[in-house]
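A single chain comes next, written as structure tokens; it is the form predicted on its own.
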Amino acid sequence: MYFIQHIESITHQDSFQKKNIWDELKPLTADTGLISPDYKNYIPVAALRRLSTILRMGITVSKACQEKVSHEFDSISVGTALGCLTDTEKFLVTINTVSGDILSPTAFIQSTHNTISGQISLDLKNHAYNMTHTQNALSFEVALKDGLLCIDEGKSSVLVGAADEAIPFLERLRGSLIETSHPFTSGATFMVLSGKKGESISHIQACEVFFSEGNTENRIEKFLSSNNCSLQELDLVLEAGSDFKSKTSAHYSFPDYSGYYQSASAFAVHMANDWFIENSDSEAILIINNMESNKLGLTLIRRNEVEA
């Protein structure tokens, strides 16, 4: 089993270092802003000035996770769809506007997708396995599968997470390259996975990704069947849309609460984990990531059995 030892999120919800995010969880509006913690508690002031929002979020939630577990991470797996957009835009604008051949390399260095996982490793002084996964809306699920494989290989404390940030330019892509009615948002969710139960309340039973899937319902039924479950047995479905709302007893569209960023399904895992805190009769939760057409991510999360 893959137990969730701890999970942290920085989002447009009041979600950072909360015992149960459902206490204050509410649908977002277009003018809802990112709720940031005091980054100075986790990042030196001198470093803060040169770090974009996505790097601040990633470092902070990672350090918050490390504080809650006794062992250093022996694997780090990060998913991000668009990477460090702020620095990417800054680098491209600089190339287009500055004359001459002398350009600062800082924006370019910090614009690459693996800057997030690399910066986490540097700040934690962690030299373990470190990998970045970039598969559009399935980036988190692929990072999660990598983390599960690390546990299968004997790793004992695996940091898995995802982060993406919004910039104003994304609005110009709405309706053409990006189909969504939700507000563009930023968010980072990281969790510590282990093969040992500890004090965890839930575990990830299975995670699968499908990059060219035309029959979503059939695929979901097969996924659940292979894990001894069915849609009718689920206590909650967290979905990017509402296709399966009529087939389940409890259903939430997680972008209503996370806003739109392509790795928001990581926040859905946080929602699922905390759902078990007050819903003691719930046993199984399915996360359906169908944010992009013909791409499907499925994650089945179960409550841990109470030891006699």
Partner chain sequence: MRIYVTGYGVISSIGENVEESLLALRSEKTGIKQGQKTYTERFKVGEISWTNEELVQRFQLTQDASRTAILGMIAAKEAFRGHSLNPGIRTGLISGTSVGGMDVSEIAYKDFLNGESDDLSIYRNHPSGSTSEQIAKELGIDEYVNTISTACSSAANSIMLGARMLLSGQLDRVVVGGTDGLSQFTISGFRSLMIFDDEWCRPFDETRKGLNLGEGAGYIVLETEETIKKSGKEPIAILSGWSNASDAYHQTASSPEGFGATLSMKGALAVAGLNPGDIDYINAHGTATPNNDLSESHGIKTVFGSAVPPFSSTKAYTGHTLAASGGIEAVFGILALNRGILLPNLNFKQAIEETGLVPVKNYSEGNTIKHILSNSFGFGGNNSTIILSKV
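Positions refer to the first chain, counted from 1. Remember, predicted model here, so these are calculated numbers, not experimental data.
Only in words, not in the display: the form predicted together with its partner chain, which the text now covers.
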Would you point out which of 195-203, 122-130, 226-234, 182-190 contains residues with a non-hydrogen atom within 4.5 Å of its partner chain in the predicted complex?
122-130
Report yes if all three of 6, 28 and 53 come within 4.5 Å of its partner chain in the predicted complex by some heavy atom, otherwise no.
no
Hey, in the predicted complex, is residue 220 touching its partner chain, heavy atoms inside 4.5 Å?
no
Residue 91, heavy atom within 4.5 angstroms of its partner chain in the predicted complex
yes
For residue 154, is any heavy atom within 4.5 Å of its partner chain in the predicted complex, or not?
no
Distance check, residue 166 to its partner chain in the predicted complex, heavy atom within 4.5 Å
no
Applying a 4.5 angstroms cut-off on non-hydrogen atoms, the residues of 48-64 near its partner chain in the predicted complex are none
